[in-house]
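Quick heads-up: it's one chain on its own, the form predicted alone, in structure tokens.
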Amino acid sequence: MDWSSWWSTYSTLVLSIGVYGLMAISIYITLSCGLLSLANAAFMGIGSYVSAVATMQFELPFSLALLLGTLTPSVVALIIGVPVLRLSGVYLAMATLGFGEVVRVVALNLDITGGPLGLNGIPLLTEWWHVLLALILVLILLNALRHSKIGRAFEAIREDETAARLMGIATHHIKLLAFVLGAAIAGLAGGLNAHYTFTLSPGNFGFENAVDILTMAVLGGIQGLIGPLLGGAIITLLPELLRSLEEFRMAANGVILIAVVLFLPQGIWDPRRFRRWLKKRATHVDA
């Protein structure tokens, strides 16, 4: 199989790995701040619809459509985050899940989003280098953020929010920043996704998608930026790798995920576990 035929067959899969890597990173940001938010699928949906409508209805350039798809969910996150982020734990998860349902119902009932039929015939504008460039820029930004004062504030809030507040950290503002950043990255991923899948449907951004995105981050591990990317790639590839199992494919998928969660509770990418393993190996070699 030559390159052109391989790419025509697997290009959608490759682009999906990159896009869902971005989605896993988007929820990694909120998890790194101790926020169990399930709104990222809804933010992806907002970014998808806004960017698709921008190119289809208003014929805006792709770059401007992506910018609108990134900024719109950020503004929405800023608006809903002020009251919602006063909640925590399962209550925050329920509130953000409810927000996702609101977004789905609104998309079902608006003419501009195509209603229940969704949007079809979206221009195929996303290229592989768009996704790669988006991943590189996001990783550079978040890596710098992790090693900054804000990144240390994220970690402090995740470990103990009360102690962080007593240390003088503006916990609500920091959590709001994490929420908005996650929404922006999810919106960017949605804009890229819309312009290579050709079609959008409100059902693409419901509860199942929200859980899948959370699973990507937890499976890969939230101890660093590599973990979510790894989890996103695995969850995206598993259905394709298990295609030969046919009707048992989803069951095998679930068994693999359960095994990873049971035996690798910190996720697949756990630098601390790797360091312990290397230290133990070095001890055995010296002995």
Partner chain sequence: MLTLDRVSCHFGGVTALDQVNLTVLEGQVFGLIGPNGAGKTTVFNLITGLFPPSEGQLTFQGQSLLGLASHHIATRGIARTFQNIRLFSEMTLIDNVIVGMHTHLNYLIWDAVLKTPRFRTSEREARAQAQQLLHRVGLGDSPLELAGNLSYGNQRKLEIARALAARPKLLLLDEPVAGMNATEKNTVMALIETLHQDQLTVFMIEHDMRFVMGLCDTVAVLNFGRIIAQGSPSAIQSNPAVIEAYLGQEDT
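Positions refer to the first chain, counted from 1. On a predicted model such as this, the values are computed, not experimentally measured, just so you know.
Quick note: we don't show the form predicted in complex with its partner chain, though the next part is all about it.
Asker: Within 4.5 Å of its partner chain in the predicted complex, heavy atoms considered, which of 131, 184, 153, 138?
Answerer: Residue within 4.5 Å of the partner: 153.
Asker: Since exactly one of 145, 75, 125, 176 fits, which has a heavy atom within 4.5 Å of its partner chain in the predicted complex?
Answerer: It is 145.
Asker: If you check in the predicted complex, is residue 170 within 4.5 Å of its partner chain, heavy atoms only?
Answerer: Result yes; residue 170 sits at the interface with its partner chain in the predicted complex.
Asker: Residue 164 near its partner chain in the predicted complex, any heavy atom under 4.5 Å?
Answerer: Yes, contact at 4.5 Å.
Asker: Report yes if any heavy atom of residue 272 sits within 4.5 Å of a heavy atom of its partner chain in the predicted complex; otherwise report no.
Answerer: Yes, residue 272 lies within 4.5 Å of its partner chain in the predicted complex.
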